[in-house]
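One chain comes next, on its own, written out as structure tokens in the form predicted alone.
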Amino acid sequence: MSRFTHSSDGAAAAIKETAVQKLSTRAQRDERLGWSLVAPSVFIILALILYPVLYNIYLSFFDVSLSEGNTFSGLANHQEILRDSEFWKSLSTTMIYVIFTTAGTTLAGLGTAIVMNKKFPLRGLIRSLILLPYVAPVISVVFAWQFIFDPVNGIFMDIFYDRLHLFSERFSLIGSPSTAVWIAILFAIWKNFPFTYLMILSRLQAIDENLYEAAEIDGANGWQKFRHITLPEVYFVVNAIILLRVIWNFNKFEEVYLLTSNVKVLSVYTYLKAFTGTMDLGQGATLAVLQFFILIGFILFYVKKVLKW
């Protein structure tokens, strides 16, 4: 009896060990398959993102010349950029642009999503029309906005100067640096808020209606339902969108540059420094590196303190 028990236990242990080995072999095969599937994407990311970042960091330590080759300059580019008053002006302009465009697109998107989440006639059509600014080609809407604020033939001056007589003379809102930045901010809000609206709307549609019904039974008003139900439910979506918008707006170039030449955010300043005039590619690379590390610092802070990931 004892011999039979020992032999059956040994057979069971052998079967178990074989099964474990098969599972381990299968897991290894799945792991190799997974790596083989993601390897092309990893290679593309390294080639198109990591390499330019590292090469920019490398160039920032050189005086770059397209004809005579690169000369090592150490931290000279960084010191010259930090002593340049235009850099600090462009940084402050960028901060104003990023803060107001991010806040504007977030609030406009949130408000629009809440309204579009309610039922009313032609809701589907209006939902689609709201997306038009976001999907329209940048160059076409930029020309439209330039026409609106044209000091001679523009719609804005026609209404506020010719008809309402609110101004004593014609002037160009996008031609003056003090006002052009606010036009660029308004344009960015109008152009990009549909993305925020769409993301928040998708989250609002997933909220259980029973939560609102229970709140109404308890006597909650509209603000209380928004504060205690809607906001907590969309918290992570809104804050993730804020993070994305800060990154995108901080690096925004084409919208600002095409709309007006009088708003020197960091991306425009970097372009002008690197590819116009004397074409100082070394300082252009230094500016790109500074932007990169500013963004990395913000992302790390935001993810830890706000998103709490």
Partner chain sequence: MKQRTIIIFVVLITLLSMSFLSAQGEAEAQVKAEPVSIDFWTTETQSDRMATIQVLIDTFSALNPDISINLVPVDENDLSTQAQTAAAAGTLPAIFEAPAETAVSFGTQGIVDLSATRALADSIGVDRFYSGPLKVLQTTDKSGYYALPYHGWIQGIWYRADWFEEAGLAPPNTWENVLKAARYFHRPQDNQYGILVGTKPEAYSEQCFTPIAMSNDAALFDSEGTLIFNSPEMKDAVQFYAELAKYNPPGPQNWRGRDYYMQGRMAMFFYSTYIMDDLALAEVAAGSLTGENFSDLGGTDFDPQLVENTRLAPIMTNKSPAGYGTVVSLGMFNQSSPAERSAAQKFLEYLYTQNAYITFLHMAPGGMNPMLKEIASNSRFQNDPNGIFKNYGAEKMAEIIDGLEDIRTFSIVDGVRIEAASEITAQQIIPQMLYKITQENMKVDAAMAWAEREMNKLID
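Numbering follows the first chain given and starts at 1. All of these numbers come straight from a predicted model, not from anything done at the bench.
The form predicted together with its partner chain is left out here; the points below concern that form.
Novice: Report the residue, out of Ile44, Leu33, Ala27, Leu66, that has at least one non-hydrogen atom within 4.5 angstroms of its partner chain in the predicted bound form.
Specialist: Spelling it out, the residue with a heavy atom inside the cut-off is Leu66.
Novice: If you check Tyr161, Phe195, Phe100, Trp145 against its partner chain in the predicted bound form, which one has a heavy atom within 4.5 Å?
Specialist: Looking at the other structure, the residue within range turns out to be Tyr161.
Novice: In terms of non-hydrogen atoms within 4.5 angstroms, which of the given stretches 207-215, 187-195, 92-100, 152-160 touches its partner chain in the predicted bound form?
Specialist: Of the options, only 152-160 has residues within 4.5 Å of the partner.
Novice: Check, residue by residue, if Arg170, Pro177 and Met279 all come within 4.5 Å of its partner chain in the predicted bound form, counting heavy atoms only.
Specialist: Result yes, every residue of the spot touches its partner chain.
Novice: Is Phe275 close enough to touch its partner chain in the predicted bound form, meaning at least one heavy atom pair within 4.5 Å?
Specialist: Judged by the heavy-atom cut-off of 4.5 Å, Phe275 is in contact with its partner chain in the predicted bound form.
Novice: Is Asn262 near its partner chain? Define near as a heavy atom within 4.5 Å, in the predicted bound form.
Specialist: Asn262 belongs to the contact set for its partner chain.
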